[in-house]
Structure formats: C-alpha cells, structure tokens
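Presented below, as structure tokens, is a lone chain in the form predicted alone.
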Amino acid sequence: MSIADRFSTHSVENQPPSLAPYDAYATDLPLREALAREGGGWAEQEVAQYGPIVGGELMELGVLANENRPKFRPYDRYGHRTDFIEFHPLYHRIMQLGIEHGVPNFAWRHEDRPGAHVARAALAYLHNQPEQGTSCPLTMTYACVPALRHQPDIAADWMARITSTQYDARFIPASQKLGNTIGMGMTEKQGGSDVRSNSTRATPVGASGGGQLYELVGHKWFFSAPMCDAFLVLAQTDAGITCFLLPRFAPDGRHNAIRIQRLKDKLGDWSNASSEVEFQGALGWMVGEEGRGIATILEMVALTRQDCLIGSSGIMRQALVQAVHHARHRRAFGKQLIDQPLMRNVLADLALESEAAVALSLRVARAIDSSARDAQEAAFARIATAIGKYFVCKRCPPFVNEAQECLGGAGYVEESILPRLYRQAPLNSIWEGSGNIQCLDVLRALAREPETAVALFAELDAARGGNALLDAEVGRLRAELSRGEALEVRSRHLVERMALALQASILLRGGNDRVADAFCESRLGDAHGLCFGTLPSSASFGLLIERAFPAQT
C-alpha cells in the first residue's frame, strides 16, 4: 500500500459538476416566451448569441472582477492630481462584452423598430446574472439618452459615442474616444432622496441657459461610476434645481475639477466603483430648461428604475439556476435532492417567483418601448415601473437566501456565486429611490395623473375571466382606491397587491394555465405561507422546475 493510499481518508463523491459553461438563454424558457410575447422576438438571434457568453466566459470574469476591486489613484507618480480609478483588466473585458452585445445601446440603435427596448431588457437580464457591478455604468449609459435629448445640441455631439458598440477604457477626453459611458450624481449628504435640498451651485461662465457652460461648486455623497466619461448631475441656479452634463475632462482638455474624496466601501457591488466627490469649479453644460432639472433627470431615472427591476430579476434567475443544478446532482436521504417532496416545493416556488419577475420586467420594457407611440402604454409605464421596482426588488433578498439554503453550507461559501448574489440582492431596492419612495410615487401618479389608474386597470382587466381569484382581487383594488382613505400609511401593502395582480394578469395571458393558476392560487388565494416552499400540493412542481431549467442541461 502506498503512502498516499494509507493516509487517504475519502474520495470526493456526491458533489455536483460545475454549472458553467452553459447557455443562459437557451435554458431559460420563461425568458424566451416573454421576449416573443412582448414584441422583441425579431431580435432573438442577437439575444441568443449572448446566452453562451453569459453562462461561460462571463461567469469566470465575474468572479475575478469581484476579487480584484477598483482602486482609487488620486495622483500619478509625479504628484499630479488625476482622480483616476484603476480596474482589473477583466473588468474592462466584461464592459467590452456588455457594450458589444448591446446592453446599453441596442434599444437606441434600433429604436425605429417596436420591441427594441424589450430585446435590450433581455440582454440586461442576462448580463446581470453572472456579474452585477458593471450593470451600473451600462444602465446609466442606456438611461441617459432621454435626458440628453432635452438639449439637442449636446445630444447631437454625444449620441454617436454613447450608442457605440465599442468600449474605450482610455483615460482621455470623451470626444477623442470610440465610445463613451455616462454616470450620474444626484444625492448629497443633507438630502438623500430629497434632491430639492441640494446645495451644489452652478454659475454661468458666460452666457446662461440651455447648452451653455457653467461652473459648479458643491459635492455629491453618492457619485455613481466615477470612471465614466461624463455625468448628469443636479445643481442650484437662480431659477432652482437644474440638470448639467459634467465631463471628466473640461472642454479645453484638462482634467475637470471633479475631486474624488474616496470610494465607498459597500456591502456588495464590489467590482463597481461608487464615490464621494467635490466639485471645485467643475465645468458642465446645462441640459434642458433652467429650474426644471428634476423633471429632466427623471427621464433618466425612469429607465434606471426599470433596470433595478430587471437587475433583481436577473439575480433571482441566477440563484434559481444554481439551486436547481445543485439539487439535480446531490443525493440526500436516499434520493436526489430534486426528488425530495419538500425540496421540489421549494424549487417550484422559486421557479414560479422568478418566472413572474421576468414576465413583469419585459412587460414594463414593452410599455417603455411603446410610450412614444401609445399614450396608454406611456401611462402604464409610469406606474408599473414603480410598482415593479418596489416589489421585485423587495423579493430578491429572501429569494436568494432560500436558494442558498438549497445548497446548505456550500451556499454560504464564497467559492459559490450565492454569497455574492446575496450581498448584491438588497442594492436595487435602495438605488434610485428606496421602497417608500416607490410607493409614494405610485400614489403620486394615481393622484396627479389619473390616466395611470386607467392604464393599470386596463392591464388587469385584459385577463378578466381567466381566474376568479384575480377577478376578485382587481375588484378589491378598485374599491380600496376609490375610498382613498389613509392610502399613504397602507401604500406598501397596496403596491404589493398591485404587483401580484399585474404578474397574475401577465401570466394568465401568457398561455400556460398551470403556471398562471399556480401563481393565482398561491399568491392571490390563501394557499401560500410567508416563506418559499409553501405552494399547495396541487401545484405542478415538475412543470415549474423543468420550465425554469431543463434537466438535460
């Protein structure tokens, strides 16, 4: 007997094989169905091409990008102030793949075709699964376009580079690059979400008004993605809060006076840099009407909030895939985990939640896509974005935790992706307005824009007769809103019910009665507990799991 054999204590068995590489699009039937249902099917080839990359190279790159966090280099070797953020080369590779495949630009390059924003939402949903930190600059680059279009001369100068499929990481003026990324800065120490209390001041350098150059003095407490080429920010003028575009390099080519104070030490989102900055006479151009900066930048915020919804749906999807893959290849108590009755309930319940999340995400994307052509869709986008952003982002953290539990202790170990997903899960409910802000936004829309209520109930009524539980819930929602009593204090519960009713309506019209009925019975009836894994025994566990992640993969 050899020394090695003598001291060998065990052989490795009953462990799942590596998931990657796999095709994240081909294995996702709910995504494929939603893409076609919401009008993005014409772009399936482009979306499908990203699936093997997402489930292959990006899975590996995501690990390394989060192990090698960005570093702040305020000065160069000679002592010159540069405010440079250094990233690992693999972070730049992730950005390159995302931009080449259209995560920030697909919708704008094809905006003449209905469904372009739906296809772009599918790409973002895929991209968020293996790596979430790069989604911050990619999302803001996508979302900046409507705000910039308030200033046509600036948009004309920047749009070709913003919608470019070429990623250019060089630290040089934006006009000299092949492609640009855009960040954002609204939050200040004293105000948080209350941006009307912002104290940063903007003074005209020469002529005043839209498109003119201003000097900004002040600070931003959260300055997202400070490595971007320019930033949409808010500052006070004599007319009130106004929107500005601040480039990293001033118009004369020198470093702009955007002084990074430090990078945030965050719970998650490790591959991305978030910062605190001071503007010490930073130069930027006014965008849109003076004193109407909140309205201008909200054009951007509407799309970044959509991406919070999409991002949380993507995180949930990856957690589900990890849980199902593990359960298929792990034995416990004489059976494969996936054949254990209670584990089947948990996995099926997670699959149902994930399918409802992606269904709502792409339905909101279709409404945004149609907003310019259809007033009712614009009204629906206005209210459904806030509803979905609130609810799906709130569901994400407990969802990921349940998926971790499917792996047991292995799901708590950094070598799996689940701890990273769990750290990431709370972000989208906080970013771009936390839960209370979203619920108040829903109430504000209902009160000030009555067409949003019309659009909401038109969407719900489109599934009338499909399930008695949904019909009854829609009736209760109508009655409660008509009373209008103490709505603010009850708004979280109200928005939650709106979200569930919307998801039920979309699933009912999706054509799979067993999926839709399971959702209605568990979410709208009294057949579901507070935790996942409490579906009624009548639910089609096998169907839900197989739809989520087919066994042959």
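As the structure is a computational prediction, the values presented were derived from the model and not from experiment. All residue numbers are counted from 1 along the displayed sequence.
Form predicted together with a small molecule: not shown, discussed below.
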(message) Under a 4.5 angstroms heavy atom criterion, identify the one residue in L350, L427, A356, V287 near the small molecule in the predicted complex.
(response) L427
(request) Counting non-hydrogen atoms within 4.5 angstroms of the small molecule in the predicted complex, say which of F84, W431, Y422, W270 makes the cut. (result) W431
(request) Look at the candidate spot formed by T27, Q306 and A365 and say whether the small molecule comes within 4.5 Å of a heavy atom in all three of them in the predicted complex. (result) no
(message) Even though the partner isn't displayed, in the predicted complex is W158 close enough to the small molecule, meaning a heavy atom within 4.5 Å?
(response) no
(message) I'd like to check something about A472: if you look in the predicted complex, is any of its heavy atoms closer than or equal to 4.5 Å to a heavy atom of the small molecule?
(response) no
(request) Would you please decide whether K266 lies within 4.5 angstroms of the small molecule in the predicted complex, comparing each non-hydrogen atom pair? (result) yes
(message) Taking the small molecule as it sits in the predicted complex, is Q336 near enough to touch it, meaning that at least one heavy atom pair lies within 4.5 angstroms?
(response) no
(message) At 4.5 Å between heavy atoms, only one of the stretches 200-208, 341-349, 144-152, 181-189 reaches the small molecule in the predicted complex; which one is it?
(response) 181-189
